[in-house]
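Okay, here we've got a single chain as structure tokens, the form predicted on its own, with questions on binding and movement later.
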Amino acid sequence: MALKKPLAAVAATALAATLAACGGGSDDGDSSGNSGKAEKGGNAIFFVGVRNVEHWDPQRMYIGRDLNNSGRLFYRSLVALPASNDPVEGTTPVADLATDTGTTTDGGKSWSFTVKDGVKWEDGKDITCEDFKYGASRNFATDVIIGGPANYLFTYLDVKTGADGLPEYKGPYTKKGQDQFDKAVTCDGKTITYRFKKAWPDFPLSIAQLRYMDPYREDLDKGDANNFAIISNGPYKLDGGWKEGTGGKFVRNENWDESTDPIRKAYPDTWDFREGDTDEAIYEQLLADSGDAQYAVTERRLPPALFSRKDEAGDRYTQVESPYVDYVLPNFNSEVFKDANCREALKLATDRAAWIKAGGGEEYFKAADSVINPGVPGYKPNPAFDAMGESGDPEAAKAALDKCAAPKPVKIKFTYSGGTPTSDKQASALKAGWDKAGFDTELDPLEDTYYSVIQKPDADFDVTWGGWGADWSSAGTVIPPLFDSRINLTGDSNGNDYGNYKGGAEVDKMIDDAYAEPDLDAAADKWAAVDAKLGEDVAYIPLEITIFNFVHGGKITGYANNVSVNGYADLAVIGVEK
């Protein structure tokens, strides 16, 4: 049967309502009256800021901003989400490079898609079934293609698992186990079929939300050297190269056929992506609405120090409750946090209220009590964090730390995504609470690249920061991607298990049981039980739910913060005044 309505539509309702109330947009280039109707022409700017793009390789991308922007400008896949803020429409895949949204005749245990006629790469070559098959194969080269959501294919694709808990197929560079992959993914003319170990009804939605199943050109693949190479099949292509720390310019791709694309309006003639500006520098320009910032949008949030000036922006200011939860997590490879008492002490000493206040207060954050966002069906507060309170419990933390085997004071290094006044203030707020309990905390801000550092298994930190939103509306897109060691931990990377957590046979079985549960309510209960176990082990400590605070330039048209792009600016429908 063809996919009709994904589960994501349920959880999107609250986000969509928030967006609509704050000037969110639609798919016609007219955004609730806060900017004019978009038309073709002009040059637009995207301020990336100091949080550099870490990957443009589609199989390695896993940061929401980059997934959204690339999928609106230069990467297409079999299906995609439309540019809509409607809670159902905006979370229901539509055909993109495929002729329909996929068919299954066995309840989701296999899915088939047929590639459209007339879709091409930027050099004019046809996009083929084999390009999709090759793109999928790259996920299995875990020594080269690091950082993406390969865990889903490891869990579902009908490829055997080895003694190390990882697939026996090792990707297209070594071709070890290639025969297994060739049976699981097949091409028949323009039709590609994926075969799974168990039913995967949400498979088309995973394609729409992520980039891991995008097509890729085998003849242009240079492995890790292609990290910033962009082989476009969308409306724009990179003009020259991408310069890390500076950015790049995207121009129209003459081999994109608009008649094959139901989503991307491609209004501006060019998009100039700029890295390196501080949040303060970006927003001084945006608030003044001066110079070329008039033609700009950003995913950087209005700094708290400038929040009192938001009225200067008028209806160019939007506030959106995001689907993302921020958290900290102890490193289980750390000599300190191998000790459960040390982890318990860290949890009890964590002052979430101070973190939120330092980050701008209730206009910027809502306290979280789980790594799972409340918008995900079946969400339950994690009882393991009840004892923390909003501000921690210093005395209880001291008592737990007394049982910790590490020498006193307990020296720890907190590695976080830093480099802005706000992030540094928030890190200092956590340090104050931890040190009050008896830790001696060293702050280690990473200013340029972040995830590529903390994803190294031997990275030198004791505590780190993470941020996560469900890939689609299931706790199964939160807990396993973050804490299933079987699909995360390899010799070259910890995947998204930044704290190198290993739950062992007990947690592995709990995860498997939750995956296998066909009843959605019962499955939600099982995921909540896994989450509670993670809390008992202090695999993570929840901080808050992020609220987006954006300002865009006055000459931007059709501005939209759509649910289909998780509340970010939807570049599929944005234009500029000419």
Partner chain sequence: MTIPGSELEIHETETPVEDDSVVSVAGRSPTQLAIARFRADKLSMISFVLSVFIVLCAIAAPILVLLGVLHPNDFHQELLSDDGVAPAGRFGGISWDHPFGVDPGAGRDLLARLMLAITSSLTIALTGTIFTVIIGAVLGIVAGFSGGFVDAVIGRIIDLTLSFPQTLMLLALSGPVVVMIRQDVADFPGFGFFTNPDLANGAFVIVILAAFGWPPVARVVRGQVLSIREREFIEAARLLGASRRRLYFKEVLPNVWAPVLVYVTLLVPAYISAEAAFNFLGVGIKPPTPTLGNILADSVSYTSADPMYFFLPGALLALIVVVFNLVGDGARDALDPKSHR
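Numbering follows the first chain given and starts at 1. Because the structure is a prediction, the values reported are computed rather than measured.
Beyond what is shown, the protein has a form predicted together with its partner chain; the following relates to that form.
With the partner left out here, its partner chain still marks one of 396 to 404, 85 to 93, 312 to 320, 418 to 426 in the predicted bound form; by a 4.5 Å heavy atom cut-off that stretch is 418 to 426. The partner is absent here, but in the predicted bound form a heavy atom of Gly360, alone among Gly108, Gly360, Gly177, Pro377, sits within 4.5 Å of its partner chain. Only one of Cys129, Ala354, Leu238, Ala266 comes within 4.5 Å of its partner chain in the predicted bound form through a heavy atom, and that residue is Ala354. Shown alone here, Pro262 lies farther than 4.5 Å from its partner chain in the predicted bound form, counting heavy atoms only. Its partner chain is not drawn, but in the predicted bound form it has a heavy atom within 4.5 Å of Pro445. Of the heavy atoms in Pro304, some are within 4.5 Å of its partner chain in the predicted bound form. Residue contact with its partner chain in the predicted bound form: Lys413 places a heavy atom within 4.5 Å of it.
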